[in-house]
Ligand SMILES: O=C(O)CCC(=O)C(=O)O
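The chain below stands alone, shown as structure tokens; this is the form predicted alone.
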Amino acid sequence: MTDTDYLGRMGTRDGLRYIVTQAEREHFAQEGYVHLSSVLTEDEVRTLDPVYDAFMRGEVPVAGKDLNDMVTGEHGTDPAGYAIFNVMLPRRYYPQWQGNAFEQVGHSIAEQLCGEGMTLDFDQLLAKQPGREDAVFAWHQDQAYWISTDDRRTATCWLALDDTSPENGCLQFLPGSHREPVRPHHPATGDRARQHTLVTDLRPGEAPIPISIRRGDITVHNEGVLHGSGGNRSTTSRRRAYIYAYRSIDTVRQERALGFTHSHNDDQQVLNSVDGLLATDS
């Protein structure tokens, strides 16, 4: 099945369970990502809009670096000027979102793609305002941020609250890259204490595939697949995403035992310990 086979196909819901097809499971296993259509209804997405926009206006209190610009690391200022608006762990700061439809549907998808015993590791908001061509998310693998354990099952569900395309900065994936060792990563600015983002490089001849999806669709990707996104060249369209990342229960327990929560406020000693584990593994 090609990526274009997913476009325009209606997803199948059974209550708060999305039915993943065998072809979609095979695509996720082989390529490291899959596009699932109509995962949430318009009514379900519409309930997320006002809270998401309140976060973007700075009206929901968020501690420290957990609201920041993913391009510069800036935080504690007016988020309206951020190139890539980022909130880590929004369920922590807006508890009413805990247990929402996306969380429950996403969990059902994670277990169908990865097997039983999956749990929510973290959630995140990422948004690009119109006309922000500098809102480029550099190439990276999520595994560079997460500890390595014997159970490497992961499913990161990326929900579009706006239609996405190459024009407004949709996700791009390098198919099959999750089946290779994790590449060396380095802080985007050379100082991870100031700027959390880790980046890596494409190799000559590599051509990631842009995945355009519609509001209510999601992509699901493995922690090892290389991905990134371009800036928002549109003058009218925002690109808002809501992300739920699922890993095995045992892996999440090991992360928390280290003090690693995916908060940008995690102690630098914890981040260094995680980086050390990754360096040893790769």
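Start at 1 with the first residue shown and count on from there. Note that the structure is a prediction, hence the values are computed from the model and not measured.
Note that the form predicted together with this ligand isn't included here; everything after this is about it.
- Stretch-level contact analysis of 210 to 218, 25 to 33, 58 to 66, 225 to 233 against this ligand in the predicted complex, using heavy atoms and a 4.5 Å limit, identifies 225 to 233.
- For the three residues 114, 154 and 249, a heavy atom within 4.5 Å of this ligand turns up in the predicted complex in no case.
- For the chain shown alone, residue 87 is not a contact residue for this ligand in the predicted complex, no non-hydrogen atom being within 4.5 angstroms.
- Remark: residue 48 does not count among the residues lining this ligand in the predicted complex, judged by a heavy atom distance of 4.5 Å or less.
- The closest non-hydrogen atom of residue 142 lies within 4.5 Å of this ligand in the predicted complex.
- Put simply, residue 102 is far from this ligand in the predicted complex: not one heavy atom of it is within 4.5 Å.
- Contact annotation: of the candidates 147, 83, 198, 126, the single residue with a non-hydrogen atom within 4.5 angstroms of this ligand in the predicted complex is 126.
- Residue 171 is the only one of 160, 174, 171, 71 with a heavy atom lying within 4.5 Å of this ligand in the predicted complex.
- Interface residues of 236 to 257, taken as those with a heavy atom within 4.5 Å of this ligand in the predicted complex (partner not displayed): 239, 243, in sequence order.
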